[in-house]
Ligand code: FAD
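Read the single chain below, which is given as structure tokens and is the form predicted alone.
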């Protein structure tokens, strides 16, 4: 496989840096080809602004989605964005690695998504009709490729349990896994999460490193999270409401959008 690892941590000597090196070494040992986008080291520009659209007239109002669409269609996106899109098209699998800061990804990684997931590439793709609402949520440009997260968190694992005060880790990562990765078509694997990292010492690294090696060994075979496909019949179009007979009666929230959620009428 060809693997792109997008890495977002400002300190190379961090635990994240050590885990990145473990993942890359194991992937290469398994015969995979690996490319790395090290956002802090590369000085990645995170904000979307007029500089992203050099053909936009000075007196023209900036509408980011419209400007992104035009730039993608005319091949006038900036060279750094073009290079990342080329990597995504090249890769069979994408890994996003980052520390969880304030219940989300660092701003520099969100900015990578904002700029690289261009209109016409990652969204705004496919027909809109009474039976299909674009190619997204299981369809799209990146359909058939795999993606996963490597995440470090300062809190205890119990804090991110179903009844933990921070909320379930699957809910916290849902906007990334489902809204960013699944949206353009990736098969999204369960995340690799390391907890209590602020209390880590040398003795704690090796067990975690071995778990990560195992995940890298099974990158091509681990079953993805069974998210529901938008255009496969589970949702009413164009309202995008899940059909009432699916899922647990009266249930709401993220878990409804995962198959096999225990609903009595699930098939």
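Just so you know, these numbers come straight off a predicted model, no measurement behind them. Residue numbers count along the first chain shown, from 1.
Note that the form predicted together with flavin-adenine dinucleotide (FAD) isn't included here; everything after this is about it.
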Q.
Quick check on residue 154: any heavy atom within 4.5 Å of flavin-adenine dinucleotide (FAD) in the model of the complex?
A. yes
Q. Taking heavy atoms and a 4.5 Å cut-off, does residue 198 contact flavin-adenine dinucleotide (FAD) in the model of the complex?
A. yes
Q | residue 103 within 4.5 Å of flavin-adenine dinucleotide (FAD) in the model of the complex, heavy atoms | A | yes
Q: Classify residue 160 as contacting or not contacting flavin-adenine dinucleotide (FAD) in the model of the complex by the rule of any non-hydrogen atom within 4.5 angstroms, answering yes or no.
A: yes
Q: Taking 4.5 Å between heavy atoms as the contact cutoff, choose which of 240, 62, 205, 41 touches flavin-adenine dinucleotide (FAD) in the model of the complex.
A: 205
Q: Tell me the stretch among 175-183, 145-153, 126-134, 109-117 that has any heavy atom within 4.5 angstroms of flavin-adenine dinucleotide (FAD) in the model of the complex.
A: 145-153
**Q.** flavin-adenine dinucleotide (FAD) in the model of the complex - contacting residues of 3-42, heavy atom within 4.5 Å
**A.** 9, 13, 14, 15, 16, 18
